[in-house]
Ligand SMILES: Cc1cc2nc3c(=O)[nH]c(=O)nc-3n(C[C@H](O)[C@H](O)[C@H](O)COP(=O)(O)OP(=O)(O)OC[C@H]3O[C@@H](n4cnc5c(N)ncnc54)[C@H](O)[C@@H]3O)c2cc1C
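The chain that follows stands alone, in the form predicted on its own, written as structure tokens.
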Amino acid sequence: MEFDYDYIIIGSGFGGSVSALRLSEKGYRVLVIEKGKWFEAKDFPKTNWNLRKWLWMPSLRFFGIMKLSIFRHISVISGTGVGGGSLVYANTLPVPKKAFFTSGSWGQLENWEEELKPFYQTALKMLGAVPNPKLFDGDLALLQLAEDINRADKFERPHVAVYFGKEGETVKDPYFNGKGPDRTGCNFCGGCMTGCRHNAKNTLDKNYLWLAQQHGAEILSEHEVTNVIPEGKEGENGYKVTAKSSTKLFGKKKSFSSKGIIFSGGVLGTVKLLLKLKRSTLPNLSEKLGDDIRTNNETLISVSTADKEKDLSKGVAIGSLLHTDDNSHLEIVRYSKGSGFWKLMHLPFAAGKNPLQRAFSVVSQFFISPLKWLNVYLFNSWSRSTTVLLFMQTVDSTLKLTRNRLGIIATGVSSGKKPTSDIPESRELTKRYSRIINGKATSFALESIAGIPTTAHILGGAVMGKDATAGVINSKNQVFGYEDLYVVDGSMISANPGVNPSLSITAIAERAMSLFPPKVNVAVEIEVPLKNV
């Protein structure tokens, strides 16, 4: 049959970008459909006060790179734009510990640690990951904390997807033997998560997507897929895809035909769309759809110093981490100077069993130290004086996403305890770090009052399983019940990695794409040579 494309990829994050390059290398005609916009360095905001360029809120005509979604049990930060989460993430690329590969619904399907080892190496090279070369005030305070708790040997500089080179100097592509774009050495401004304006961050549009376009892949931005219709009962005759404009109020719908579909819109894109389609055009989808949603069991607590000489904004977004025990670690997160918007959403950090106790704690802190809190909120530069402590654990708990007939997505507890922002180990580490930098701790208002945690690492919902009773996809990322239908993004993650998941998503996507044969009549598979990094 004649199709417009061999594969349509819905989403351009880590899974979608890998899929686009590897399939186009093998001779397939590929279309990537991305809800967000194309961004160049000049398009990113100078600070996160420029909400129109930073936040994705179409109802307010904000078309930025970051989306904030609030549910009953969790608040989720995610990325939007060509390059997906790579535009807004903190560049950090750790390999999870052994437990990740042997637990969850996928644990017994393969020897994942050995199976994925070469693909982790490929992913690290493609993303240009190297250890952070410089430590600054926030990192040095974490090192002091490590020494105070006798874990200095567990302090490390993580691998980050940043081109360091010579600060501010632009050079010809240093990664792909000249086939990639020019790059500029990092100036350690701390602006990674508002969008790198200095061409140093190795976002997906500078590696996987850049190379995919050279092999013929097409990218359609500012369009959201609304329907996927199988031709034949199980898609044996291909699929029809309908998309509408995501930035225009009255844009025309577009339709395409394709032999196969790869869902790569992240949990809040893929799972939301599949839940809708299960009620209409894809009824054979597993009943496990939406189940086994995980976070890294994390907390995000900000600490603002009263020391005017410290500059906590300097460095890459995450330049250091500390393994605080076998199941947990703590990372230092920063924003660039001037990016103080988050303080409007922060209250003094509070713990307690119920909202009333938490509210009392918040109010009492204002009365006990009014001048110090005035410094935090009014007189200090928030980003210069504040570091965010990201605490993560491999401890498992799962949520479930459901969709009602009005199309509203809701969360429920699937198994284990519900996620919480009140983790004793995190509280103790925050107190110690606050003493080191002479700081005050704050957190998102929903955390301080309601105990609802915030995560930038929402995972699962279309997990792997031995069959449709245990998962939505098999170990090859194929959707149970349909032909040539795949899920390749964070929703495929089937256990708690306990670390930033971008590298694992990339590695699993690389492995999934390696299982695709070259297109018939394609004599040679084109490979882009990589330089060692």
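Since the structure is predicted, the reported quantities are computational estimates derived from the model, not experimental observations. Counting begins at 1, following the sequence as shown.
Quick note: we don't show the form predicted together with the named molecule, though the next part is all about it.
Peer 1: Please identify the residue among Val95, Leu285, Val225, Leu124 with any heavy atom within 4.5 Å of the named molecule in the model of the complex.
Peer 2: Comparing distances to the named molecule in the model of the complex, the residue within 4.5 Å is Val225.
Peer 1: Looking at Gly104, Gly319, Gly290, Gly85, which is the one with a non-hydrogen atom within 4.5 Å of the named molecule in the model of the complex?
Peer 2: When the named molecule is considered in the model of the complex, the option within 4.5 Å is Gly85.
Peer 1: Within 4.5 Å, heavy atoms only, one stretch in 45 to 53, 465 to 473, 22 to 30, 487 to 495 touches the named molecule in the model of the complex. Which?
Peer 2: Correct option: 487 to 495.
Peer 1: Is the gap between Pro419 and the named molecule in the model of the complex 4.5 Å or less for some heavy atom pair?
Peer 2: Because no heavy atom of Pro419 falls inside 4.5 Å of the named molecule in the model of the complex, the answer is no.
Peer 1: Would His457 show up as a contact with the named molecule in the model of the complex if we use heavy atoms at 4.5 Å?
Peer 2: It does: once the named molecule is placed as it appears in the model of the complex, His457 has a heavy atom within 4.5 Å of it.
Peer 1: Can you tell me if Gly461 lies within 4.5 angstroms of the named molecule in the model of the complex, counting non-hydrogen atoms only?
Peer 2: Answer no; every heavy atom of Gly461 is more than 4.5 Å from the named molecule in the model of the complex.
Peer 1: Does the 4.5 Å heavy atom contact test between Gln478 and the named molecule in the model of the complex come out positive?
Peer 2: Contact with the named molecule, no.
Peer 1: Within 483 to 502, which residues have a heavy atom closer than or equal to 4.5 Å from the named molecule in the model of the complex?
Peer 2: Heavy-atom contacts to the named molecule in the model of the complex: Asp489, Gly490, Asn500, Pro501, Ser502.
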